[in-house]
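Read the single chain below, which is given as structure tokens and is the form predicted alone.
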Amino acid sequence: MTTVNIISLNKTYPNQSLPVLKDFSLSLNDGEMVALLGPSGMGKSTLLKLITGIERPDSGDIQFDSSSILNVDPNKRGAVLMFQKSYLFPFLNVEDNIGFGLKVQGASSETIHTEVKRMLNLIGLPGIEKRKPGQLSGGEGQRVALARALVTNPKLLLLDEPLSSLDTTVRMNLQEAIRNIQRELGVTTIFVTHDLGEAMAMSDRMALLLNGEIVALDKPENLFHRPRSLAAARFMGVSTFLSGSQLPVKKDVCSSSEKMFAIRPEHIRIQKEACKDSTPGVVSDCVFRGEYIEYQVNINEMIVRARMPMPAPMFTHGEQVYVKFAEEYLFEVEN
């Protein structure tokens, strides 16, 4: 469908000293879904506004299939934005809501009816053409909004946290539905979210955006297990960082105290017996979380946080334990 190249975008809003986007670059392959992940206020929604033409960049370029879209009218760019809320027209029924874009394009009534029926089957809601938005649940409303966004066959689909207002069960069902529909249609997609689990479940690649810059870009499994930078590792839920001289393992690079290593909390083991790659510590907290036990262990005034799946031992506050940092799970990070 469409390849997208975002090249060195810069954007600073009036009366702000710092840019919201700084030398931002990102490329998307044809039919790829990239999750843009990061805390609120980091420039994610601004990027979508620049792509759709709501805002203009101070410098840089946005290209669809190697052609700049910056001088193309917003309604002719082929980029469709789906928001956190469905924003369906309350006075129109489902069929008219979905078919609105086709009607604006001048499509015939027969074409609109056929395409609306096809989209309702695609989103798993056949036969609700005559319902009004007020008769839909939150999840149904978002499915209809997705159908409205896709019915015009856009070049690029932009999803701005479309599931954030839904409860957990509905949200997970819609994650699967959106992913399956996106794959079936092959539409290139940017999915904006601040939810790590959602980004991993939905995307082909994840881009971590902090302070207007991409600090990490990779497949979800790579970015989760071995983020390359300290900032990315912290956002991915890593909290244990050790210098080479602190490691209780015989890694070749451990002789260099300048190098920093990290390990995910799920890969740390807390036990009563000493073993290879372990170091003594004292339990400061031990919490049952249902599927796993969460530990906090003090090692020479450094708090190590670990998660062990059930069944796992419970330890009391102040109990002497050993913390194992398995060498195969340690990875190097850069500041």
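Worth saying up front: this structure is predicted, and the values here are computed from it rather than measured. Residue indices: 1-based, along the sequence shown.
The same protein also has a form predicted in complex with a small molecule, omitted here; what follows describes it.
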Original post:
So, G41, S45 and E55: all three within 4.5 Å of the small molecule in the predicted complex by heavy atoms, or not?
Top reply: yes
Subject >> K49, heavy atom within 4.5 angstroms of the small molecule in the predicted complex >> reply: yes
Subject >> Contact label in the predicted complex: Q16 to the small molecule, heavy atom within 4.5 Å >> reply: yes
Original post:
Would V321 show up as a contact with the small molecule in the predicted complex if we use heavy atoms at 4.5 Å?
Top reply: no
**OP:** Would you please decide whether L9 lies within 4.5 angstroms of the small molecule in the predicted complex, comparing each non-hydrogen atom pair?
**Re:** no
Original post:
Out of 32-40, 282-290, 296-304, 266-274, where are the residues with a heavy atom within 4.5 Å of the small molecule in the predicted complex?
Top reply: 32-40
